[in-house]
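Quick heads-up: it's one chain on its own, the form predicted on its own, in C-alpha cells.
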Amino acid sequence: MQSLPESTWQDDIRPLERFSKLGSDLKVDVAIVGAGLAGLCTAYELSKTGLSVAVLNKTNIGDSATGYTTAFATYDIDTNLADLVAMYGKARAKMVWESGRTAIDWLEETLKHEEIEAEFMRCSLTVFAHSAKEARALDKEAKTAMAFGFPISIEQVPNLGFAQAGHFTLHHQAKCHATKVLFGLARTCAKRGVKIYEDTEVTKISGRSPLLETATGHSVQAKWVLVASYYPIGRQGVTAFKKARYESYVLEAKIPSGRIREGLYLDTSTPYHYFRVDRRGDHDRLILGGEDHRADIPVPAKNAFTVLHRYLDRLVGPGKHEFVRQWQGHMIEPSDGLPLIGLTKPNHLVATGFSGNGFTYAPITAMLCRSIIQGEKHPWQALYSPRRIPNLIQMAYKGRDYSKILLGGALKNLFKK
C-alpha cells in the first residue's frame, strides 16, 4: 500500500510497544492475516476459547485501513435500510441492523471490561438531506427504521447549525479513537496469549489445513485461517467479482465550540458525505469524509479534496474553521451491499467488503468466526456468507448506487479545476 499522510488517529498516539517479525516456523490452531480491527477483534474473541492464535500483519499496527477510518460505529450502513428491505426482505434487512446493534454493544462491553481507554462515546447519528427530493427518500428511510423498532426520532429542529432540508436522528450509536482501540486490543490479546507479528507479510496460503508462507522465509501451520487484511491475498476464489476497491477522502478541521451538536452525521447525496464532531476544550474537532470513487478511476486527490473543502465552507461558513490535515482512506465495496464474512472453503475464512463500516463489521466478524471455528451455527452466517450469490435485484440496486457515484462524483472530480 502506498505511503499516505498521517491521519488524526496516527498523529496523536504512539504505541507503547511494537511486535517483532515472525522469526521461526510456527504451529497454531488459528492464523489471522491482518492486525486491523477485524483481525484483532477476532483474535480477542478466540483468546477466550483456549485455542492458540497468531496474527500476522504486513506492516505496523495502525498503518493500514483502520488507521485511516473516521471511527464511526453505527448500524446505519452504506446501503439504505429501505433498499435492504427491497434487496433482502424485511427479516434479513432487520437482521443487518440488529447485528450492527449487537456489534456496538460488543465493542462497548469489551473496551470497558478490558479497561481500554479509547475515547468510546455513545452518541447519535443524524442523517440529513440537501433537497426536498432527498428529504422524501429520507422520510421513507426513517419510517422503515421506526417500523422495525429502532431508536429513530424525526426532530422538529429546523437548524442543526448548518443548512439542510430535513433530517432524522438514530440514537445509541458510537464513536471512538481508532488506533487507541487497535493498540488496546493488541496489548490485551498479547496478554491473553495471542502471538502477534508485525512486518510479516503473508505471501501464500495453501492446503485444507492451511499453511501460510511469509516474506520472512518462515511459515505458519494452522488448523484454520482468517484473511482479514485490507484486500484478501492470493486467488480470490468465491469472492471474485463480488467486491471492488474504493477511495475516500477525509479532512480534519477545528470549528467553534458548540456550533454543531457533538455526534455523527451523514448526508444523502451521491456520493454521500459523513462527518463527526468531537468536543476538544476551546474548540470542536470536525472530521469530514466523502467523494468516494472506485480506485481504478484516476481522480486527482487534489480535486476531491477541493470539493471537500468547499463542502466544509458550506457547512460551517468560510473563515469559520481552521484546517488541520487531510488524508485518503481505502475501502472495499461489495457488489450486493453486505460484507463478505465467513467460510470460502473448509477451514478458510475471509472478512472483507466492509464499505467503510469497519467499527461495526469487525465485532460481527469476531462473533461470527468464533462460532464457525467452534462448529456452532450462527444466525448471521448465511446473511454475510462470502459464498452467497447476489441476485439480480441486489445487483441492480447497488449498480444504480455505484453509477450515481461514478456520474455524480468521480467523473466530475476527474475533470474539476
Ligand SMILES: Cc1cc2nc3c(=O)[nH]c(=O)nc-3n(C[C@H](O)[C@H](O)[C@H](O)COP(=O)(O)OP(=O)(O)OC[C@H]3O[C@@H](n4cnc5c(N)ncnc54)[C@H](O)[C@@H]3O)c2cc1C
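In this text, all values refer to a predicted model and were calculated from it rather than measured experimentally. Start at 1 with the first residue shown and count on from there.
Beyond the structure shown, there is the form predicted together with the named molecule, which is absent from this document and is the topic of what follows.
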Problem set entry | Proximity to the named molecule in the model of the complex, single hit among D313, D105, E201, E119 (heavy atom within 4.5 Å) | E201
Exercise. Which listed residue (L368, V30, L349, L37) meets the criterion of a heavy atom within 4.5 Å of the named molecule in the model of the complex?
Worked result: L37
Seminar exercise, completed: Among 111 to 119, 187 to 195, 328 to 336, 140 to 148, the stretch whose residues bring a heavy atom within 4.5 Å of the named molecule in the model of the complex is 328 to 336
For this session: Determine whether any heavy atom of A253 comes within 4.5 Å of a heavy atom of the named molecule in the model of the complex, and answer yes or no.
Result: no
Exercise. Do L383 and the named molecule share at least one heavy atom pair within 4.5 Å in the model of the complex?
Worked result: no
For this session: Look up in the model of the complex whether Q173 has a non-hydrogen atom within 4.5 angstroms of the named molecule, and give yes or no.
Result: no
For this session: Could you confirm whether A65 comes within 4.5 Å of the named molecule in the model of the complex, counting heavy atoms only?
Result: yes
Problem set entry | Sequence-ordered list of residues in 253 to 271 near the named molecule in the model of the complex, where near means a heavy atom within 4.5 Å | none
